[in-house]
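Quick heads-up: it's one chain on its own, the form predicted alone, in structure tokens.
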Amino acid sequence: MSFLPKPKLHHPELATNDIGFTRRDYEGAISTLCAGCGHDSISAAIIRACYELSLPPHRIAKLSGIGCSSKTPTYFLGAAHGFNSVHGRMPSVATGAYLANRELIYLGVSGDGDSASIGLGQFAHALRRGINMTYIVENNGVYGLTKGQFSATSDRGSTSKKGATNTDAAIDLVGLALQLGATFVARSFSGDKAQLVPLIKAALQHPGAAFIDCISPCVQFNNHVGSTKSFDYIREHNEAVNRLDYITGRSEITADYAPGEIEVVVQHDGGVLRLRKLATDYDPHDRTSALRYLQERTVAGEIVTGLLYVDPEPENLHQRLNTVATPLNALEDRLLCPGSAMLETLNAALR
């Protein structure tokens, strides 16, 4: 499908971030998705997160598979590296790229059809191996690109636009991510940018496998009464487990206040952060409790959003394989191919 680039002309006094880029520098081509698609809101959140983090666009590698969601990398980070893979195979490409060059920032964008159906095995292995990447699934519970069939994340009992009822159990990608060992697991809603942007910022800075399941209503095929992935349904059943903000690492700012109270904290940039301490019974560092809470809220008919689990000391694939610090694509031939003597030593060790 053809696409139009955005005009390069812009106001000469646009605000810039710490490395001199404007927000426009993080945009891509003009979207060809349906007007009002939740995926465009996620693209806008990614643009904002990368701009506010002052990430160099050329240091980011964005990867995707097939589907409406997998088209969206065209619409953000036009100056980044990009690879659009075949259906469900984005994690394999990401694994190879990450092993070759550990210095890039990896952002994988997929959909519920791409990751929960044909790519379910790829999804599982990418998370359990600990690839240092942000993996975002734009979850609309429908095959929007092929006219509205149920996807693997469609809830049992939900109805299609034509009135058919889904009789299959849904795959919960958040629950799977927790069980598979992802060290950052979150869920959000495309219509809640106040929650989504801090989650994306935190995921991009997390040195391990970070997964965000973002419910993103399909305005054409799955935004009607009877859909459990519609704008109205998500707003009515959203159960946020925490109030989120993200601050990059600087000198420590401390606060000491009681549960239920509000604390006003002045940040490094002069901004003011108002903190309300939540109940103490939810711990985002406890994987087992996160799974139990997710199940309890699902039974209660609620969709849990927010940061569900984070490991403060994650381990990634390069650490597990004990690879060299130099990116593999930058090693000299003599280091990549050490010769017959080394091969003989290796073979002898395996006899």
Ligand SMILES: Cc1ncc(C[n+]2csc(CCOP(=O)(O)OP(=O)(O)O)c2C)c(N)n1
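Fair warning: this is a prediction, and the values are worked out from it, not measured in the lab. Note that residue numbering begins at 1 and tracks the sequence as displayed.
Unshown form predicted in complex with the named molecule; subsequent notes refer to it.
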**Q.** Contact label in the predicted bound form: Gly108 to the named molecule, heavy atom within 4.5 Å
**A.** no
**Q.** Contact flag, Ile200 vs the named molecule in the predicted bound form, heavy atom cut 4.5 Å
**A.** no
Q. So in the predicted bound form, does any heavy atom of Phe123 sit within 4.5 Å of the named molecule?
A. no
Q) Hey, in the predicted bound form, does Tyr143 get a heavy atom within 4.5 angstroms of the named molecule? A) yes
Q. Just one of Arg156, His87, Arg128, His237 has a heavy atom within 4.5 Å of the named molecule in the predicted bound form. Which one?
A. His87
Q: Quick one: from Cys50, Cys68, Ile42, Leu308, grab the residue that has a heavy atom within 4.5 Å of the named molecule in the predicted bound form.
A: Cys68
(Q) At 4.5 Å between heavy atoms, only one of the stretches 134-142, 76-84, 93-101, 183-191 reaches the named molecule in the predicted bound form; which one is it? (A) 134-142
(Q) Where, within 96-125, is there a heavy atom within 4.5 Å of the named molecule in the predicted bound form? Residue list please. (A) Gly111, Asp112, Gly113, Asp114, Ile118
